[in-house]
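One chain follows as structure tokens, the form predicted on its own.
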Amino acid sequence: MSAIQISISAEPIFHLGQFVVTNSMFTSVLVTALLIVFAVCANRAVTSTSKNSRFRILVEFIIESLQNLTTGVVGTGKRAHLFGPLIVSFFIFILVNNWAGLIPGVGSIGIWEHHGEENIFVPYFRAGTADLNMTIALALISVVLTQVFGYSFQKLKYFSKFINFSNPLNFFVGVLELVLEVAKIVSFAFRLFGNIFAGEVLLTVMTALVPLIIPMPFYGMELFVGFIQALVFSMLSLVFFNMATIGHGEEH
């Protein structure tokens, strides 16, 4: 049996000029293309006259469930219409990327490359969320949008929680708020990356040791973990969006 090779960072698989394309980027592009096709088909199904289509029922169930989660946090109105599409996009994109790592061939189809005296296996496919660069990018989008929504609803008043020279205590609280915003990026990125990458490592090890029946329960567990992580990221983003739009002392 060949030695198990696990790389924390995504591996390059080809170049576009000077641009390096990694296996996680390549998989994410494929997932994005798949979601675009799904969105086009879903739009046609929803706008068609056939109300008994199973695909249409599935699409409506997914959208209505996510909309209900959104309205359950922010209520109906402007916030729900503004946040809803973003939360749905976060959830579906992260979920499909999480589950992409469980597809047979992902992580096991690739090439052997010679590096010095070593032969290193480089898979063609790797789940996008098993790459720290991807999770940091998603975290940055969430945190930056939080600031954008906060300013959109409260204008310059929003930034008073970060910069307040009225007294030393409020200034110190403002510094803590700034640190908290940075901590959100770290928390978002490493929580998602850690859970998905750890799951892939677990499945790789279990499959290498016992190829057949034993790994199956772990696949079921990773399906659940992938769903929960997508839900946690989306719901935390929604809560932070909502909190940013509510002024200090304002009741929800």
Partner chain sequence: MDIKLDQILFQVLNFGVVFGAIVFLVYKPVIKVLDERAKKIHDADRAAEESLKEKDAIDELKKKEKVRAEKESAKMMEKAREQATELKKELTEKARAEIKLDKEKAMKSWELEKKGEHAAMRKEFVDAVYAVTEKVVGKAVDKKAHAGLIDKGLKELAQAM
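Numbering follows the first chain given and starts at 1. Remember, it's a predicted structure, so these values are computed and weren't measured experimentally.
From this point on, the text means the form predicted in complex with the partner chain, which you will not see here.
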query: Partner-proximal stretch of 175-183, 99-107, 83-91, 153-161 relative to the partner chain in the model of the complex, 4.5 angstroms, heavy atom; finding: 83-91
query: Candidate from I36, M221, I214, A208 lying within 4.5 Å of the partner chain in the model of the complex - any heavy atom; finding: I36
query: The partner chain: the contacting residue among V73, L95, L140, I120 in the model of the complex [heavy atom, 4.5 Å]; finding: L140
query: Contact label in the model of the complex: A198 to the partner chain, heavy atom within 4.5 Å; finding: no
query: S53, heavy atom within 4.5 angstroms of the partner chain in the model of the complex; finding: no
query: Interface membership of N43, the partner chain in the model of the complex, 4.5 Å heavy atom rule; finding: yes
query: Touches the partner chain in the model of the complex: I63 (any heavy atom, 4.5 Å); finding: yes
query: Contact set, 120-151 vs the partner chain in the model of the complex - heavy atom within 4.5 angstroms; finding: D131, L132, N133, M134, I136, A137, L138, L140, I141
